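What follows is one chain in structure tokens, specifically the form predicted on its own.
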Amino acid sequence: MSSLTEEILNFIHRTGRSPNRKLGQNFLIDANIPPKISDVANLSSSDIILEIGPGLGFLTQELLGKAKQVIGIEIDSHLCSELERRFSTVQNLTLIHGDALKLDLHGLIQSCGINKVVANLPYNISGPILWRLLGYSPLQSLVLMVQEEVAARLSASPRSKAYGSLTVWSGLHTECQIELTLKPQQFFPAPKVNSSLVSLRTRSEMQPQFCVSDISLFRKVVKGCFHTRRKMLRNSVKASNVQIDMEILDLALKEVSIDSNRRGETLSISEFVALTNAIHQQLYAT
């Protein structure tokens, strides 16, 4: 039995609280992994870290020793109490008891000067959290433990089954690399799927192929193009709830030389950018 497993069992014995599956609580029990996560994050004494779902603080402990400040968001009040007890003498940890999906993450990141996110994300919120974190904050990087399926979506290529709107949204803002893959037995309780550690590094602003005129319009275009994966591009957008005039879409597609008979899953990120910018130009022209 690992030392981390013993800590979890001691917590359960003391509090009578077992991991809550509805909250995606699968605690990392391989003590070799937190230092590896820290290494991938390339932490320095000037970094201010956001950790979502610190749980019992196994990764938190590693982060506190290397970063200037760690700000943890934990939805479970019992885990918050345990974290406060465990780190009662620590000066560079700020705990927030709340739901990361409801908090103003952008405002928090801006006001606290957070420059990196490092977290073992609860499985049940990994997708929604990524949509919220990417694109709205001056983050340098995100190093996240997610389900293997989510990692595959983040790193997918056009025309592949995993390629979708999350791939495009993530790829617009970051470059993704899968760093590690973990087995269920490295967590307690063991999930039903493998997990992967991904690093998402913010793209340089000097890459014009990723410069979008209207980020809100970009999200609508991508959403529309993936509304029905098997439909042709024009029909997919038409069938979606995205309010884009078909005449404007046709003009934009022609301008950027994208065949309307293609499917959304065949478009590269740079093609989505070009299409969005062309639509924006057509809208502005009218």
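Position 1 is the first residue in the sequence shown; the rest follow in order. Quick caveat: nothing in here was measured; it's all calculated off a predicted structure.
Although it is not shown, the form predicted in complex with S-adenosylmethionine is what the next lines describe.
* Answer with one of D104, E175, D214, D99: the residue that has a non-hydrogen atom within 4.5 Å of S-adenosylmethionine in the predicted bound form. => Contact with S-adenosylmethionine in the predicted bound form is made by D99 alone.
* Taking S-adenosylmethionine in the predicted bound form as the reference, which of L130, V117, V198, I73 has a non-hydrogen atom within 4.5 Å? -> Here the answer is residue option I73.
* Asked: Can you check whether E62 is within 4.5 Å of S-adenosylmethionine in the predicted bound form, heavy atom basis?
  -> E62: no contact with S-adenosylmethionine in the predicted bound form.
* Asked: Does S-adenosylmethionine come within 4.5 Å of any heavy atom of L28 in the predicted bound form?
  -> Answer yes; at least one heavy atom of L28 falls within 4.5 Å of S-adenosylmethionine in the predicted bound form.
* Do L23 and S-adenosylmethionine come within 4.5 Å of each other in the predicted bound form, heavy atoms counted? -> Looking in the predicted bound form, residue contacts with S-adenosylmethionine include L23, since a heavy atom lies within 4.5 Å.
* **S-adenosylmethionine contact in the predicted bound form: G171, any heavy atom under 4.5 Å** => No, no contact at 4.5 Å.
* Asked: Which one of these stretches, 157 to 165, 175 to 183, 109 to 117, 76 to 84, sits within 4.5 Å of S-adenosylmethionine in the predicted bound form when only heavy atoms are counted?
  -> Among the listed stretches, the partner-contacting one is 76 to 84.
* To do: Would you check whether S-adenosylmethionine, in the predicted bound form, lies within 4.5 angstroms of a non-hydrogen atom from each of G224, E271 and V273?
  => No, none of G224, E271 and V273 comes within 4.5 Å of S-adenosylmethionine in the predicted bound form.
* **Within 28 to 54, the residues that have a heavy atom no more than 4.5 Å from S-adenosylmethionine in the predicted bound form** => Sequence-ordered list: L28, E51, I52, G53, P54.
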